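Starting off, we have a lone chain in the form predicted on its own, written out as structure tokens.
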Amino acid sequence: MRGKFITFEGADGSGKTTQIEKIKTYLEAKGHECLLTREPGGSKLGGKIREILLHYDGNVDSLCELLLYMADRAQHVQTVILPALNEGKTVLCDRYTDSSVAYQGYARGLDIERIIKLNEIATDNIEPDLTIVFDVETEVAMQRVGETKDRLEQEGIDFHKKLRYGYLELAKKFPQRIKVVNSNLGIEEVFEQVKKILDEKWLETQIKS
């Protein structure tokens, strides 16, 4: 039986990475074999692309940036995500297709329909079973990131407000797949929201069956 595919989205500083580790522990305690991965950089080749995307010190054209993410994603899906799903594992992915729509579409201003089509090609139409968006006030997120910022974290507040708006718009468009949690709260309060979503979505039913 094919495994479940859960993706996690949100601005840097939303507490996403901390929550994913807790989620992995929670699912494994319920008997799920989990693979934790990320974008960009979930594959060996992707690690090279991640370095360029986050730390290249020159100008990166928005379309070039988008296509680099797509190249990373194509390699990631074929060499990491799909094999794990076919083995029955639960794949937990820190960022996926919605990141491209939010960052390069809503925040950068590139054509969203074009991004969606490129995502379909790059992923071979592999879609998440569930996506959790960690929503946080833009000012709070930027404070949490701290002084050391990567190339995207260095973008101004307008960019990050558009990013947040993009994620919330995606959640409105795909309410069955995308669930939003209030990430302004403390770590345990956020985690309780996530556990409720997981259990209501499919975990308890799957375990009992």
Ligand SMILES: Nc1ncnc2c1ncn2[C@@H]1O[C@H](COP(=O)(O)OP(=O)(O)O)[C@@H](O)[C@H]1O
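Quick caveat, the model's predicted, so the values are computed rather than measured. Note that residue numbering begins at 1 and tracks the sequence as displayed.
Keep in mind that the form predicted together with the named molecule is missing from the display, and what follows is about it.
- Contact check for residue 190: a non-hydrogen atom falls within 4.5 Å of the named molecule in the predicted complex.
- Looking at residue 25, you'd find every heavy atom of it more than 4.5 angstroms from the named molecule in the predicted complex.
- In short, of 167-175, 180-188, 51-59, 27-35 it is 180-188 that has heavy atoms within 4.5 Å of the named molecule in the predicted complex.
- Contacts between stretch 1-30 and the named molecule, counted in the predicted complex as any heavy atom lying within 4.5 Å, involve 11, 12, 13, 14, 15, 16, 17, 18, listed in sequence order.
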